[in-house]
Ligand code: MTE
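The data below hold one chain only, encoded as structure tokens and taken in the form predicted alone.
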Amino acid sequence: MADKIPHIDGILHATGKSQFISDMPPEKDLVYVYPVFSNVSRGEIVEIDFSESEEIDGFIDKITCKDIPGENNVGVVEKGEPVFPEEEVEFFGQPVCAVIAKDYFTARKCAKLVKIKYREKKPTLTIEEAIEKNSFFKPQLNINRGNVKKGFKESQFVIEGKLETPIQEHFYLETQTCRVIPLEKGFLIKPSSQSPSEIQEIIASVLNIPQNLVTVDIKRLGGGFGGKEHNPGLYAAITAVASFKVKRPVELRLMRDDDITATGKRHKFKAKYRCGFNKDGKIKALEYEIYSNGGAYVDLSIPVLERCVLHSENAYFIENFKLKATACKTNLHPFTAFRGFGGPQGVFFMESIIEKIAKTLNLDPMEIRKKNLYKSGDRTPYGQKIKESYLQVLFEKIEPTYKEWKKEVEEFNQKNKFEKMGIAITPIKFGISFTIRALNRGYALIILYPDGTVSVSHGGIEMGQEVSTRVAQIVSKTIGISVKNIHIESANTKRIANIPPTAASTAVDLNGNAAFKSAKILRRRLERVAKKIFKEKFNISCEEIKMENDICKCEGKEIPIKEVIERAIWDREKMAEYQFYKTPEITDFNEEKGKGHPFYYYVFGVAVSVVKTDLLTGEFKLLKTKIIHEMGNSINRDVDMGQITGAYIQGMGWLTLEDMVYKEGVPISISPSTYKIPTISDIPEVFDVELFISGSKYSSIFGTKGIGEPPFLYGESVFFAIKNAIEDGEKKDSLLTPPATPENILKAINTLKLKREK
């Protein structure tokens, strides 16, 4: 079982001493840059007038696309996303230019005074409009397994329908922030980013300087959730261009409303489906047509779409399966990565279909799910073999709870008309690895010092998920030096180069494995030296040496590890090690053939949620949740529990509380007063989380599995529980006549008033 090790920076966070970019002491001559954002959704730039800004005391300079010395591009998946547009703006909130001033508030004031004239054009805002105009990003993704036509012919029932998922704002605590410092040669970039090497590449290209003159250094982020994967490249580029022009350190920090207005979010998806099944609930054929709203630039829309496609059957074996998926180009902000990266949308589609099948057959949705679950040895629609499936055993473990809670729900609903309870169960099968094979790589550099302390550099970005704590534990266990003597360095592109983004729940898998390889080599060197010392000091020939808690042990004798390190350095042993790890056995997903082996392993789990819903007001209360999450093994139980509970609540918020509202392409819900995320009052009264330690052979370092994203999917059970509660309220014995339209709800309220008056 996992060790109980506290958060490596927990005391710093609790006492307010942990530094984020804006907490750092200002460099000499530090100035501030602030973007000027487009106030139209689409239009040609006619004129930019800085005259009022230039009159403000503290105004220093301005930057436009003409001040970019290199390539005006921050696109990575596909070129074409500019730092500043040269002729036409593509979305409301797009940075058009920027102003530089002596302090933060003056920079904001100057930015507001810039006047831009546009020749407006009609924007494309919705998926439907994009389809009508044939406005798409390439490529289209396809999967075709089995014989769908034959599957539908053999089906006793066929249903079809349309589904959609909402947009979600990241709402990280630290907004988009960057500080750029000119060096004797080149620049030091301190961004709030999950992708240090991407920042390095973008800045080098934008400034037209070699990449080896750009150093990116990141200690920690104030939250990310995917919103710091590609978004920061644009704001780092703006900051770098400003620093290049004025030859001074420059900082950029967005206000919350500007951050929400201008940055990417979770994609809105829409799907048409057709599903054939038999009277026992066994699915015979499934056909999808899926579209996402990608926004103005491609950003990460194609990889996100791919992840949706690869999870669109969720936990179920479907013999005949056909799918085509397309990302739409519109005039909204570019949509981007978000925890789960398209997986939640795909799973939502599948779980909605399962619920519809159950309703059609008047069967318990749990029975439909059990009938179709993957078994070990089954293959996915894209051809990957499920080597181990824990879905059956997880359902067996959670079924008693489900039956007990369902009975409570049914008894409550029989006695109540205006409030109804609902229950739902959601299983998950989530693939771990980047679906782009080249990104599945990790690096680590470990240095041992004569006083017994350790420096560890790796490619993972710390953003609250405690990758640093777990990497420190891996090093500690392997070498035998206590965590208190291990320091995790910032991620720095001069120590660790060519770093993939910290994303896809792979940070510990990739960087932990690299750290383990480095630590193992160092341990072997220390053991070799320790044997010499034991022989010289105690005349012991050691077959095996134990190293733990900063001590080397052999046949009852002990020597401090720091003494061994000192001797090793004296003997000219190498006390630093840099190692590389690449995930084995994976291949890219072939977009044309719809085949591949994109995941090293899968994470499995199941969640049951119970809600109570007021049919008159729509208010709901989450009452009970039980989650059983398959882990393989757990390095740090407290960290894993935190990730599971936090992701579950965030997933619940996506489908039940949070709502990005737009008016003609203009984001309206841009602050905490208008965009509501879950709070402590939304946590269920009964919150039972169980780690299922499977001992899986198909896992990663020390048998653990990726934990960041899979639990997000459990939150979908809350949505389906609410849906089931409302549907119970639409039955004939209810106050409401189906469907539960606003008009019927109003009639119900008036009926209640009349009864009370009588």
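The shown structure was predicted, so the numbers you read here are calculated from the model rather than taken from an experiment. Position 1 is the first residue in the sequence shown; the rest follow in order.
A second form of this protein, the form predicted in complex with the ligand, is not displayed here; the remarks below concern that form.
- Contact annotation: E716 falls outside 4.5 Å of the ligand in the model of the complex, judged by heavy atom distances.
- Although the partner is absent here, T263 sits far enough away that none of its heavy atoms falls within 4.5 Å of the ligand in the model of the complex.
- With a 4.5 Å cutoff on heavy atoms, Q643 counts as touching the ligand in the model of the complex.
- By the criterion of a heavy atom within 4.5 Å, N231 is excluded from the residues contacting the ligand in the model of the complex.
- Contact annotation: of the candidates C275, A503, V89, A519, the single residue with a non-hydrogen atom within 4.5 angstroms of the ligand in the model of the complex is A503.
- The partner is absent here, but in the model of the complex a heavy atom of A507, alone among A507, I283, V564, V610, sits within 4.5 Å of the ligand.
- Judged by heavy atoms within 4.5 Å of the ligand in the model of the complex, the contact stretch among the candidates 161 to 169, 236 to 244, 662 to 670, 464 to 472 is 464 to 472.
- If you take 702 to 727 and check each residue for a heavy atom within 4.5 Å of the ligand in the model of the complex, you get G708, E709, in sequence order.
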